[in-house]
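What follows is one chain in structure tokens, specifically the form predicted alone.
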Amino acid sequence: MSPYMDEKLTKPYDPQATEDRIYQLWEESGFFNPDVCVQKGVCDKDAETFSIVLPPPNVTGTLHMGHSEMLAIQDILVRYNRMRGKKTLWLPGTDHAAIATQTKVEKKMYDEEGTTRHDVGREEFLKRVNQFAKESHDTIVHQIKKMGSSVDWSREAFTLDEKRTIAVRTAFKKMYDDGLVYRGHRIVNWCPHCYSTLSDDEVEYKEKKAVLYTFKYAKDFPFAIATTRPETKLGDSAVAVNPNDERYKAHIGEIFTVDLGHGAQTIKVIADEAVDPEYGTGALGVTPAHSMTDYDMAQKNDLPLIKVIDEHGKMTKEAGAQYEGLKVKEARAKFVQWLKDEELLLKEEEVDQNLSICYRCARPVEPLPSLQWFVNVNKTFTIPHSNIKGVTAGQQITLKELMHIVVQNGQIQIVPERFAKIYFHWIENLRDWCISRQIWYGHQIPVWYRDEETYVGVEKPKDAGWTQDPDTLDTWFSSGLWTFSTLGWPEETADLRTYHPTAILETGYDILFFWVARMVLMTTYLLGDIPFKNVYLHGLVRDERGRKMSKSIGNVIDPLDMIKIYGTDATRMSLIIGTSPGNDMKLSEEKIKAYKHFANKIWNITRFVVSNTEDTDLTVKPELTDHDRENLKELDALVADITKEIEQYHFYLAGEKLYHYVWHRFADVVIEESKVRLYGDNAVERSSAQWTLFHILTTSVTLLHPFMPFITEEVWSMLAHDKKNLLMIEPWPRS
């Protein structure tokens, strides 16, 4: 061992002095790239592949503990499979996150300059957004590296770069040609603040108190209705009752003409099983233009749509001259007062309500009719080729059916299994996917108009006079192509042939529908194949009291702060141990600190073993005592156990078992028992103990490497063995 190595080991382990240097060493080695691994003989060119895509973080700022958990889990898988001799690819990238990024920049502009995107124009605004995205990207890349992530940076992608743009436009055109993408007037979720549509999955719900108003359309109307949104009743065209409700059976089919102060309004009594007889009066005012459920009723009963709220969240002229231009709350107060004056309001009561809000700005969402682009999930098409079990080339099938089949037939396994039921329930209730957004940042819809003509293409029309559709695509449309657009699709590249389908998708359960399901939809349709063989869903990272981390509460734990204080290895271990798939985890700084102590323990164990084996040729296996053979037998059992746990995605169990073995078995028992022999006069006993301790140490740090890559790589570099490789490409131990 060199004097330099001696000097390092005599000092406490310092992550800050080690981690950046080690990561640079890994990057310079080129071994994050599977092509380099093949060229340098780390793995065979025909070796089994293991591929995984990094869920692309949004270019809206910095990574949080949830991202860190994701990176730690994925890096365990990647390092483990690389050490198993597989041709291993972890492909990184970032997501332009259209609405989120545009909203950030718009807020920044308004706060700093008092300007809006309309003040500067589309071209200038997009320059600013792109600059913001570039700065955020650089910050995110730095953080990914700080977590020790062994991603192949040579293949880095961006959902809005040139290659992904070609992929997105190719996918859109194919879906359009197959009749699966269409433009039409439908009820959509509209955010008046973001001034854009939202998909059903982008709508969140907030519990709040609301007032339930019970009133009659007219004094001679045969029954009352109840609603929390009386202002929308100005757009009612029917009253729905349950067909089995004896109170209203006799009225089904009747038509009434009423006047709510803004002119004649036709109300038809219809029957629908969806009406809950126990809610309110059991009679539901049907507003087809401002409710998804009511819109469905209107389609079945041929009811007119009366739009009384516009895209700005204000009342329209159809609501009546006295309400036109008022904000929703203002109109509500005015209309309720009118009901009181007309003696039509029967009751007001406070109730609990799940308010629909925008997932980005947390403002109320308005369902309203709008001309938008949709993906038809129920239309049949001919699948040209298929690697899907139970589906043959040339078969007529729907997107919904494809999404269901690949999980039902076991081609895609979801861990934990309970989320498969949630996935199936979501598909059963899936509506056509609204993919157009009224924002400027993102993939502009590849459709051009000229007079009465429409052109859809990957490239813009060559002749003049065409105007491109101003809307952009839902960001999940582009990220839905992520597993194969990053590998070169629509070209038939070597990467696509080699690494697709990917082995696993690891992500949070909160985007099962946002992203995971969209990738299944896009891949089964465009490739006739699955995007990944397994889905591993991790939970949310909460504070030590189980609360969601929030800046307003002041309980946010910043991963970079923890790395600076305790090191990356400790931060990673705190996010793995005690965290089972699909369940939220509690995290505290004390937990992270505890694994810093474990890193120190590994360092101290190394110092002890190295200092007590310097005078021995450890490349030659001596005659071992029965006691040491038992110790090695126990080690073999550990190797088999850890291997099994990782293969079954029990990372939390593998990490915990390694922690307990290294600290409480190796350090507390094996090393302590060996001291008598190490310091005694029996040469056979001493050499047996030395070789055994060294073998257990090298095996332990190898097993720990996927979990704690920095300290194990540093320890490996200081051990007196004949292996010149970096630990990251050392073969996984055999039991």
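A residue's number is simply how far along the shown sequence it sits, counting from 1. Just so it is clear, the model here is predicted, and its values are computed rather than measured.
Below, we turn to the form predicted together with the RNA, even though it does not appear here.
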How about residue 668 - does it come within 4.5 Å of the RNA in the predicted bound form, if we only consider non-hydrogen atoms?
yes
Even though the partner isn't displayed, in the predicted bound form is residue 333 close enough to the RNA, meaning a heavy atom within 4.5 Å?
no
Hey, in the predicted bound form, does residue 40 get a heavy atom within 4.5 angstroms of the RNA?
no
In the predicted bound form, does residue 496 come within 4.5 Å of the RNA, counting heavy atoms only?
no
Which of 556 to 564, 371 to 379, 626 to 634, 425 to 433 sits within 4.5 Å of the RNA in the predicted bound form, heavy atom basis:
425 to 433
Only one of 259, 491, 324, 656 comes within 4.5 Å of the RNA in the predicted bound form by heavy atoms, so just point that one out.
656
What is the one choice in 359, 525, 513, 158 with a heavy atom within 4.5 Å of the RNA in the predicted bound form?
513
Flag this candidate site as yes only if 418, 604 and 608 all have a heavy atom within 4.5 Å of the RNA in the predicted bound form; otherwise mark no.
yes
Heavy atom contacts to the RNA in the predicted bound form at 4.5 Å, residues of 672 to 708 in sequence order:
672, 675, 679
